[in-house]
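What follows is a single chain, given as structure tokens, in the form predicted on its own.
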């Protein structure tokens, strides 16, 4: 891109969230992080966001948001991310603190103060939905919203047979966003599973010798093991960084412009992102659905981000 994008990352760290934050810190102006319950409970997602910024020396405010979905009962992914949400690394003593519990209202403030910024939600969309409801002008200040979530029907879900975790945890919140006429870039499972890491990549990060490289190597070793236990493959999809790269390096992707609806009532399909891919397609749809990624280049960018010294 011609200019460095300004971004706010709404996250639920999470191994791949941490990697997304690292990428964003190298290729965007990160205005702040907001946290939401998702991969693990809110206390730990907030702690993990602070730990990640501390390890890499990223000096940005972290604000706590929603502790549970709008309607659905809370669910987490501790079976993948561990009881801490960042199992694997030996986490340092936390020396940082969140600046407040006002994540939802601050999203609107940040957008008003930084017109043209990108909002990058990489967890359940609870904070985003609450912010839209409280501050209807929020979306008008944004360049767009780039999410990791959902997928196309040809790729199975990872929480249910048809639904991806971030959407399925709070589908009502996702529906609030997707009902808006705001530019959205959606990196779903159909594309994030094209970008993955094996033991070889974990070794490459460890060989960098930087604090961030070792941190990511430790993250990947746990994450790859969790994928092997859960899905039977020793390769982990690197989901959340895709939503960052869709903003900082959109040329790495092939997008289709579509309309996307969130299924809220189906017995077996609740939380599914229903992507209208009929041909000829509805070319005026507000959602740019990522269909392919240059995974080799994406990995180079993540390695480069971890090779750099702490900020």
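Every value quoted in this text rests on a predicted model; they were computed, and no experiment measured them. Residue numbers count along the first chain shown, from 1.
Separately, the form predicted in complex with a small molecule exists; it is not shown, and the next lines address it.
Participant: Taking heavy atoms and a 4.5 Å cut-off, does residue 148 contact the small molecule in the predicted complex?
Facilitator: Because a heavy atom of residue 148 falls inside 4.5 Å of the small molecule in the predicted complex, the answer is yes.
Participant: Is there a heavy atom of residue 158 no more than 4.5 Å from a heavy atom of the small molecule in the predicted complex?
Facilitator: Because a heavy atom of residue 158 falls inside 4.5 Å of the small molecule in the predicted complex, the answer is yes.
Participant: Hey, in the predicted complex, is residue 165 touching the small molecule, heavy atoms inside 4.5 Å?
Facilitator: Yes.
Participant: Indicate whether the small molecule has at least one heavy atom within 4.5 Å of a heavy atom of residue 39 in the predicted complex.
Facilitator: Residue-level check for residue 39: yes, a contact with the small molecule.
Participant: Can you pick out, from 117, 138, 130, 189, the residue that has a heavy atom within 4.5 Å of the small molecule in the predicted complex?
Facilitator: None of the other options qualify; the answer is 189.
Participant: With the distance limit set at 4.5 angstroms and only heavy atoms considered, check whether 17, 77 and 81 all reach the small molecule in the predicted complex.
Facilitator: Heavy-atom distance to the small molecule in the predicted complex: all three under 4.5 Å.
Participant: Using a 4.5 Å heavy atom cut-off, which stretch among 232-240, 101-109, 177-185, 211-219 contacts the small molecule in the predicted complex?
Facilitator: The contacting stretch here is 232-240.
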